[in-house]
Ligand SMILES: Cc1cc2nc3c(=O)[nH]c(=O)nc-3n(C[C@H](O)[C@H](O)[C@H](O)COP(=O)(O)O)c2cc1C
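What follows is a single chain, given as C-alpha cells, in the form predicted alone.
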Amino acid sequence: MAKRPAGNPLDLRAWLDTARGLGELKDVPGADAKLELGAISEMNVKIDGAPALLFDEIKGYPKGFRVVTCTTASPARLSSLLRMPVERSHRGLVQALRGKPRGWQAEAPKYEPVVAETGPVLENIRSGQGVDINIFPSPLWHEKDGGPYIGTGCCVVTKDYDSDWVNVGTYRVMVHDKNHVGLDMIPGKHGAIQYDKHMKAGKPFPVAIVIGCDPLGYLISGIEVPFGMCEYNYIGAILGEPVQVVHGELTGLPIPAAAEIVLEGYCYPGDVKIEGPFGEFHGYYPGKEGTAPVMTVERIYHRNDPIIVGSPPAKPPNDYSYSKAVMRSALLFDALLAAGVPDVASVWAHEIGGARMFNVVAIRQRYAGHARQAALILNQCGVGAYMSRYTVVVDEDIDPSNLQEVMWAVATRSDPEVDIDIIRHGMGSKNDPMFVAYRSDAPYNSKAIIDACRPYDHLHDFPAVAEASKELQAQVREKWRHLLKL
C-alpha cells in the first residue's frame, strides 16, 4: 500500500449529511436498544418512501452514542452511496447500473488503499482494562436472538495466512461479554477460508471489525467480490479514488480512517462458543444456536459520539434487502451478457426471496430456445446458483420487478406440463429454511425454471394484451399526474 495523503476515509457522517439533504434521514430520540430499536427499524422499512433512521438518546446510553438503520433501503440513498446521479425509482437505478459492476471490477486493481498517519477513528483508543464493548448501544434486534448484535452493517477486516490478500466481509458479530464477541462466518466465504488457514497452522487469526463507516463499505463487503481481490480496491473503483486507511496498532490491519468504531483483536485456536440464534436474510431462524469463533477484543478505537451502522436481517423486505436486490440484479444482468445471452431487457432478484431465491429475467425473444437459455444461465451462473429456487423468464413487456405482472405472465403464458423444468441436486445451503424437511449430508436444493414467455412459435398469433400502450400511458401520466400521482 503506497503512502499517499489523498483518499476517501469512508466517513459515515459526510454521507448522513447527503442523506439529510435528500430528505432521506429522520432523527429518532429515546428508543430502547432492547427490541424497540429493532422493531421500529423493521416496521419502518416496510413503508414506501421510508427514510433512514438515526437513533439518539438511546435508553441507558450517553447522548451522542447513536445507531443508524435503513441506510440502503431506497433508490435515492442507494444511488447516492454508489456515487451515481440520484435515482428515485428502482427501475431507473437498475438500468443505470447496467455494466457498472463489470467496470468497477476491471478498474479495482488501480485503486490500492492509501495509508494515513492518523484519522478520526483514532480520537479514542481503549486497551487493557479499558476495553468494554458494553459502552456502545448494541441492539437486541429480535425477540428470539441469542443476544445483542453489535455487528450487522459492519465490515470485518482479515488477512490471508500465506499471502498479502486482505479481505473485507460482512459477518454477524454477537456480544458475549465486555471483551469477547462471536464471529459467525459461513463456511466457504472468504473470511472463513482465511480463518481456517490460521487454525490449521495453529496461529491466532487477526481481526479488525469496523462497526460503522460510509455504508458503501458494508454494501460492497456483503457482495461477491472475486477471490483474492480486496474490497477496498473495489470500493475505490466506485469512488474514483482510493480508500484512505490507518493501520491497527495491534494487528496492522487497514481500517477506514474515519470509521466510527473498530474492535481489534484475535480469534485464538480452539476458542469457540455458542453463538445465535439469529434470523437470516430469507426471514427465518433456520436452526438453533451453534458454535462460532470467539474474537478476543484487545483494542477499541472510536470517534467522539460514535455511530453504529445497523443492518439486521428479517422477513423481507428488511433493512438491506433492497440494496441486495439492486446489486444482485445488476450482477446477474452482467453475467447473462458475459454468457452471450442476447436482448436481455431487465433482471430483478426479488426481495421476497432475499435477492437469491426468486429471480426474474425479461428478454426480447430472438430464436427458439432463447427463453430457456436465459433462465438456465440466470439460475446456474456463478452469481445466481447459490440458493436459487425459482427462476422465471418473461417477455420484454413485463417488468421483472413487478411481482403482479410476473405472476400474471406465469398464470397466462405458461403451461405447467411443458414450461416448468426442475434441476435436482443444485447448489443449496444449510441455512435454507426447507433444509429442516429435506436434510442430507450435503446442502442440495432443487430449482424450478418457469418459462412464462409467449411460446416462440406462436408469437405471431398469441392474443394481444388488453391494456393501454406504454406510449399512451406515458402521455396520460404526464397530462394527469395531479390525479394519478405516479
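Residues carry their position along the shown sequence, with the first being 1. Take the two forms, superpose them, and find the largest set of C-alpha atoms that agree within 1.5 Å; that set is the rigid core. The structure presented is a predicted model; accordingly, all values stated were derived computationally and were not measured.
This next part talks about the form predicted together with the named molecule, which is not shown.
Engineer: Verify the flagged residues Tyr322, Trp348 and Arg389 against the named molecule in the predicted complex: is each one within 4.5 Å by a non-hydrogen atom?
Structural biologist: No, the candidate spot makes no contact with the named molecule.
Engineer: With a cut-off of 4.5 Å between heavy atoms, is Gly169 one of the residues that contacts the named molecule in the predicted complex?
Structural biologist: Gly169: yes, in contact with the named molecule in the predicted complex.
Engineer: State yes or no: in the predicted complex, is some non-hydrogen atom of Lys203 no more than 4.5 angstroms from a non-hydrogen atom of the named molecule?
Structural biologist: Close contact is absent here: in the predicted complex, Lys203 is far from the named molecule, nothing within 4.5 Å, heavy atoms only.
Engineer: Taking heavy atoms and a 4.5 Å cut-off, does Tyr218 contact the named molecule in the predicted complex?
Structural biologist: Yes.
Engineer: According to a 4.5 angstroms non-hydrogen atom cut-off, is Lys189 in contact with the named molecule in the predicted complex?
Structural biologist: Because a heavy atom of Lys189 falls inside 4.5 Å of the named molecule in the predicted complex, the answer is yes.
Engineer: Quick one: from Asp145, Glu298, Asp399, Asp184, grab the residue that has a heavy atom within 4.5 Å of the named molecule in the predicted complex.
Structural biologist: So the residue touching the named molecule in the predicted complex, by this definition, is Asp184.
Engineer: Using a 4.5 Å heavy atom cut-off, which residue among Ser329, Asn233, Asn379, Thr152 comes into contact with the named molecule in the predicted complex?
Structural biologist: Answer to the contact question: Thr152.
Engineer: In the predicted complex, which of 82 to 90, 336 to 344, 124 to 132, 169 to 177 comes within 4.5 Å of the named molecule (heavy atoms)?
Structural biologist: Result for this chain: 169 to 177.
Engineer: Going through 338 to 357, which residues have a heavy atom within 4.5 Å of the named molecule in the predicted complex? Please give them in sequence order.
Structural biologist: Result: Arg356 alone.
Engineer: Given a core-based superposition, decide whether the C-alpha of Gly382 shifts by 2 Å or more between the shown form and the other one.
Structural biologist: Passes the 2 Å threshold, so yes.
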